[in-house]
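There is one chain below, alone, in structure tokens, taken in the form predicted alone.
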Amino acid sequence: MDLDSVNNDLEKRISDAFCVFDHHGDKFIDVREVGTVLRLLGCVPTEQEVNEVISATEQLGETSGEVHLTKFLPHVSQLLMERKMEPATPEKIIKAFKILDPENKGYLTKEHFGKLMMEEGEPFTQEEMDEMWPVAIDPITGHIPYEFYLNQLMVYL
């Protein structure tokens, strides 16, 4: 497969994802949809990264608050070719959990993990936590057995 066909395939994927949210068929989407389009493409952007894409691609003037495909396509193509915003590997996620588990118990408490998720890094909202708990928490122990949790996440992907 040559580079041109890879670029064409990538541009088609980006264009197809973009057009899902182009409700008027005019090659514009609302800036509030940018993060959703990126996630549909398999990216895992932070809010800062979403805002950077919006800043780089947002139309100014009459169409402020919207992104046009002609600006979005080359910018996001470059990000994807540079492998930006890729999800962490399962190995990296397990390593992170093990850092949070210095006693090597194989689990985290709901209280400790919840506090970290809502106060550190890019905080989760309560709604996001409420969505996560049923998958993360072992109903018998009330803890988060992180290797099992990661396996559950992989099933959902």
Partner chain sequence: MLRSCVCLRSESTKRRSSSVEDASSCRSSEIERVGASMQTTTLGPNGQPQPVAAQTTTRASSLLQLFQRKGWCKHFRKPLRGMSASRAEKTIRAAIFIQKWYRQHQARREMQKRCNWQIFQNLEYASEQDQAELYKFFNDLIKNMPQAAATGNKYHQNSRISILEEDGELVEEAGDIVSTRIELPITKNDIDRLIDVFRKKKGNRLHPKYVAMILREGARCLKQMPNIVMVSTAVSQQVTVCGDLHGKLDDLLVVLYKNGLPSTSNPYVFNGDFVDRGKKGLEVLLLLLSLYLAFPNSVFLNRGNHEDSVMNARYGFSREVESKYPRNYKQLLLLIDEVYRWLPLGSVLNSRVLIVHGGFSDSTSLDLIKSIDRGKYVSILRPPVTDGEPLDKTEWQQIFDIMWSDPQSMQGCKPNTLRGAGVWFGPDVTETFLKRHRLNYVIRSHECKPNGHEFMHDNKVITIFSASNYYAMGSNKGAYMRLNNQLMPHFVQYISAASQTKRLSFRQRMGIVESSALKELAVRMRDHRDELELEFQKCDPDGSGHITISKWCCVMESVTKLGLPWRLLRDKLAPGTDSQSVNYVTTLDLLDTDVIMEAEADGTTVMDALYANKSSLVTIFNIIDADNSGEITLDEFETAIDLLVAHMPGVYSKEEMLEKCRMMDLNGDGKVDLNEFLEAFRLSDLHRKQQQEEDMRRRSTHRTIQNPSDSVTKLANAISKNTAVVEQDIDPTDCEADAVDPK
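Everything quoted here is computed from the prediction, not taken from an experiment. Positions refer to the first chain, counted from 1.
The discussion below concerns the form predicted together with its partner chain, not included here.
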### Task
Using a 4.5 Å heavy atom cut-off, state whether residue 32 contacts its partner chain in the predicted complex.
yes
### Message
I'd like to know whether residue 69 contacts its partner chain in the predicted complex, with contact meaning heavy atoms within 4.5 angstroms.
### Response
no
#### Entry: Exercise: residue 124 in contact with its partner chain in the predicted complex, heavy atom 4.5 Å
yes
### Task
Please run the contact check for residue 109 against its partner chain in the predicted complex: heavy atoms, 4.5 angstroms, yes or no?
no
#### Entry: Partner contacts in the predicted complex for 100 to 132 (non-hydrogen atom within 4.5 angstroms of its partner chain)
100, 102, 113, 116, 117, 118, 119, 120, 121, 122, 123, 124, 125, 127, 128, 131, 132
